[in-house]
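Next comes just one chain, in structure tokens: the form predicted on its own.
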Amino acid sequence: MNTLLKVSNLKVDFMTVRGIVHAVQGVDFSLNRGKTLGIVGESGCGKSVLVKSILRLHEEQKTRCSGNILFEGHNILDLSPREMLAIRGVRASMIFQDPMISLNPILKIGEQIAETFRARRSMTKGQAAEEALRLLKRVGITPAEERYHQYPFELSGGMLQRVVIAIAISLEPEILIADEATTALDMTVQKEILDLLKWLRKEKGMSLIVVTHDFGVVAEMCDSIAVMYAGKIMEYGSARQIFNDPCHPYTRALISSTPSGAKGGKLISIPGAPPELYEPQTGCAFYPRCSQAAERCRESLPAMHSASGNHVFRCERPQ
């Protein structure tokens, strides 16, 4: 079977002081072995909530999840906490946007990598240190022997992100999730990190999920793309289909708002702002901001339509 991860009708709700937030509303997608999926959309559309649900990183007392997250046929949502330990960090790992949040500021970076091997592989202190040095070199941190003994505050943002990547790949997971992993980095360092992720996918055969608001990143990295808005996937297909034949108005608007997708060199902004997700949607969430909306878009939720092959979109009035 080529499919490694299959998400079906996933819904994620949060309990807050203001009410229930319907953060993810019936999402479907799949990820094949050795492939990269890009999840793209504006801030607040549910991208991070979606991928954190794959590893069950939400506070379970305040979160309600339904649907299926099938990892090699096993539903993640049905696993016990003990069973999740065998998956989280071992078979599926995550890289977060801010590496300083992921690292302990009072521990040397080498020790933070080594403790993963000692905890999960029962290695001796010497064996774990040797593996940590090997990983530092693999992700391009040199001189590794010197960096091993430094603290997080002594390294640049790009170096810190490489350390986080080293920890994430230390146990050679089958799925690596990068949640806005390059957003806070300058363009040169961003390119280096993206090249590193592509090399890891090729070298280790990992499957990647890249979460971003940057269409430039998904154009360079991804085999398939899911465009999210207000907790739903509005369009899904191969990178070639999404860029060459975007069907949803939101997808076209996002592409037109980037330098590479702007027509005539003029960037086009999307008016308005995404909706708050405290109330269930009755119509198309993009209706108030859509240039081609009709009254029926406000009254009923659009169904998914097929453009060609696996290229689908959620719109009743595609261009």
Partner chain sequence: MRYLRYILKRLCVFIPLFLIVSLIVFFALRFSGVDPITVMLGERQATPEVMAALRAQYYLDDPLISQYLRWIGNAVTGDFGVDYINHQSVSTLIAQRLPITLGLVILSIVIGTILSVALGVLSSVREGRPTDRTISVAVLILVSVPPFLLAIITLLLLSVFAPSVGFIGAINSVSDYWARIPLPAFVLSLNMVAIVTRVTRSSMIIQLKSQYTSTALAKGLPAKMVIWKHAFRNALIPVLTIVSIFAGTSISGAVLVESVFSLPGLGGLLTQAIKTNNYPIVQSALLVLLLVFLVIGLVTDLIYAAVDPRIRKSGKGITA
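Residue numbers count along the first chain shown, from 1. Bear in mind the structure is a predicted one, so any value in this text is a computation, not a measurement.
Here the subject shifts to the form predicted together with its partner chain, a form of this protein not shown in this document.
Using a 4.5 Å heavy atom cutoff, Gly89, Glu111 and Phe153 all lie near its partner chain in the predicted complex. The partner is not drawn, yet in the predicted complex one stretch among 94-102, 189-197, 132-140, 228-236 has residues with heavy atoms inside 4.5 Å of its partner chain: 94-102. Just one of Ile270, Leu57, Cys65, Ala294 comes within 4.5 Å of its partner chain in the predicted complex, counting any heavy atom, and that one is Leu57. Checking Ala144, Leu107, Leu77, Ala184 against its partner chain in the predicted complex, a heavy atom within 4.5 Å turns up for just one residue: Leu107. In the predicted complex, its partner chain sits beyond 4.5 Å of every heavy atom of Asp223. Proximity of Glu115 to its partner chain in the predicted complex: non-hydrogen atoms within 4.5 Å are present.
Residue contact with its partner chain in the predicted complex: Arg120 places a heavy atom within 4.5 Å of it.
Within this chain, Ile167 lines the site of its partner chain in the predicted complex, having a heavy atom no more than 4.5 Å away.
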